[in-house]
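Below you'll find only one chain, the form predicted on its own, shown as structure tokens.
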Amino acid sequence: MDRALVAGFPFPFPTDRYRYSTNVEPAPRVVSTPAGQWGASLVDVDGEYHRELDERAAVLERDPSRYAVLDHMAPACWDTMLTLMRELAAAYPDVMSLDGDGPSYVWTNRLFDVEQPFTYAQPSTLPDEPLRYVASQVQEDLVLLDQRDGDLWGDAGLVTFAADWSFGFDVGMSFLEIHGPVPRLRETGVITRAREFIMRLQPGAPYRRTNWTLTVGRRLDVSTERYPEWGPDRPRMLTVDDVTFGREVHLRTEVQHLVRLEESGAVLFLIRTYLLPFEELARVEPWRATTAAVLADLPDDIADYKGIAGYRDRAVDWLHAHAP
């Protein structure tokens, strides 16, 4: 595995105990880890850039339901595109730039040999719809939340790397409806506090949080739609040898940014997914020990929701067996 991917991996556990919480913090902010660091920008371009964007294009070709925009969200899509182009240009000035001060711009991405002039809010000047176009330039999945009637609504997005959920099913739902299946969120009040926090977000003050699960294989797209393909991998982990287990089971971290868009007022929810196989995780001793402790302590209902209940004990045993 590329060592730069290990160095930039956003390890999600600050302690040996995990429970659902709002766990938000201002962004961007660099986080140092035993292997390197992460978090310097809202959008992250790494060594998987071309591979992941090729995979995104293939997913969209196979399943158009991964992209949806309700009619009233068109201004927010343009707002999202311009916001992300500015973030990319600021983070990677050697290879990306956005020239112009509106309404005419030129977007340059040397990683793709792209030089695209366009006029803001003029669809005919782009080769694709603005949200689809910018999703072809960033590795993050994109969800747009509209704020109205005292609530948040998932009214637009492009999600090709969902972890056991379906954007096509959730589009148009309220924030609480989208998170309805997650155990403990309503009882503890976490989801209500999260909604209230997001509704108070201001432009120019983005926040972020991390989320995690385990994934078998280096699969980014473990959406509900493709469950028949990846679902059988979970019980299979009880039958494979230790070498295969360490190679195939991955700690999956999502870095989720929340950005209040300045022009439209919508909230942009960025989801960037990172995968680290256990065989690499175990080489970073603090990560191995903490992951073993978190998994051993995880309540059964959370383990079941994350889909890891069946092989959680084996994961703990494997991590203990690979202590130095």
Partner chain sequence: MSAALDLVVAAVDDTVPGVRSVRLVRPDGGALPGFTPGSHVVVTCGPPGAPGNAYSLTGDSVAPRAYTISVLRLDAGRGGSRWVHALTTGDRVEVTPPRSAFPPVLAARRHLLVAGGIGVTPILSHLRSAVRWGRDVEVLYAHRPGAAAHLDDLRDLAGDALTCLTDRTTLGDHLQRRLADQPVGTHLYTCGPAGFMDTVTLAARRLGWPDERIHVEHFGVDDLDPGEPFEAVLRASGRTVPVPSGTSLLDALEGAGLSVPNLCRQGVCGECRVPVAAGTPLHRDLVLTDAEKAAADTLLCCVSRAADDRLELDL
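Residue numbers count along the first chain shown, from 1. Quick caveat: nothing in here was measured; it's all calculated off a predicted structure.
Absent from the display: the form predicted in complex with the partner chain. The rest refers to it.
- Stretch-level contact check against the partner chain in the model of the complex with heavy atoms at 4.5 Å: of 161-169, 219-227, 233-241, 197-205, the positive one is 197-205.
- This chain is drawn without the partner chain; in the model of the complex, the residue among Asp54, Asp297, Glu285, Glu262 with a heavy atom within 4.5 Å of it is Glu262.
- Taking a 4.5 Å heavy atom cutoff to the partner chain in the model of the complex, the contact residue among Pro64, Gly47, Pro34, Pro26 is Pro26.
- In the model of the complex, the partner chain sits within 4.5 Å of a heavy atom of Trp78.
- Interface membership of Leu251, defined by any non-hydrogen atom within 4.5 Å of the partner chain in the model of the complex, is ruled out.
- In the model of the complex, Leu82 approaches the partner chain with a heavy atom inside 4.5 Å.
- Using a 4.5 angstroms limit between non-hydrogen atoms, Glu129 is distant from the partner chain in the model of the complex.
- Although the partner chain is omitted here, in the model of the complex none of Arg3, Ala90 and Glu115 has a heavy atom within 4.5 Å of it.
- Shown here without the partner chain, the chain has Asp101, Tyr105 in 88-111 lying with a heavy atom within 4.5 Å of that partner in the model of the complex.
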